[in-house]
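Here you get one chain, nothing else, as structure tokens; it is the form predicted on its own.
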């Protein structure tokens, strides 16, 4: 599918001028946005969908021997051994009473270079972040709408898997392949479930299998599949009060919108304007297999990104309990 457009690419300020907004809905100091919909009642609703007690973790492996897929401008994590048994071969090795040895290592990584949550202040336009915060509060670290308030709160509710790859009878969606909220509703209906208010929406494309199949060629003409922007889609998110969009792709949505030519417009329409939290790079294969085997596509979803001061995002290992 071509992502080129015959007309100039519009500015987000104009393109999203009439897009709905939740700014101020939870007060002038809010930093977690639509996660406010996940009340205690929503936690209990999610618990009510636990049937077998089967636990599935959704984090993609960091330091995978086959490689780590990341956004093209980022580099994969590098784990370095600091000490191991060879450390004690040295004459000046540390000595501990009793003779204990240990191993130690460190990780250098983009905070959004693996399965992770975006902070609401991660992306913006027109000089303002979520809830109207000044974009200059991001300089040197996020003073407002960082990942910390989301991490402090945690995310718990009813998760619903929408397996778009299986729905379209494909092993994986193609580059630049798009779908709408109407496609999501049709997928849910085919699975025998209904998307409800305040659901945590989890979408499987299996697109990143291409990374492991193709290696560096994966990044040629890079354009991921995903949701594509429309006024109707954004209004649907607004009306159904969805708190969290979770996907197995690097950036949650089609990389370049095929109609407008804008890069990642839903980051602005959903996250910046509605306060919808975005979760990216999940490994949904085991969950999809479990859901298909048992015909159960709703479950308790639990996640807590790492607490990092001033950060634009943080790694996470979400859990689905079926």
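Since the structure is predicted, the reported quantities are computational estimates derived from the model, not experimental observations. Residue numbers count along the first chain shown, from 1.
Not pictured, yet referred to below: the form predicted together with a small molecule.
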Open item on the list: Please identify the residue among 237, 125, 110, 71 with any heavy atom within 4.5 Å of the small molecule in the model of the complex.
Closed with: 71
Task: Interface residue in the model of the complex among 116, 205, 244, 131, criterion: non-hydrogen atom within 4.5 angstroms of the small molecule - done: 116
- [ ] With the small molecule left out here, work out from 61-69, 282-290, 33-41, 264-272 which stretch has heavy atoms within 4.5 Å of it in the model of the complex.
- [x] 264-272
Open item on the list: Just checking whether residue 251 would be counted as a contact of the small molecule in the model of the complex - the rule being heavy atoms within 4.5 angstroms.
Closed with: yes
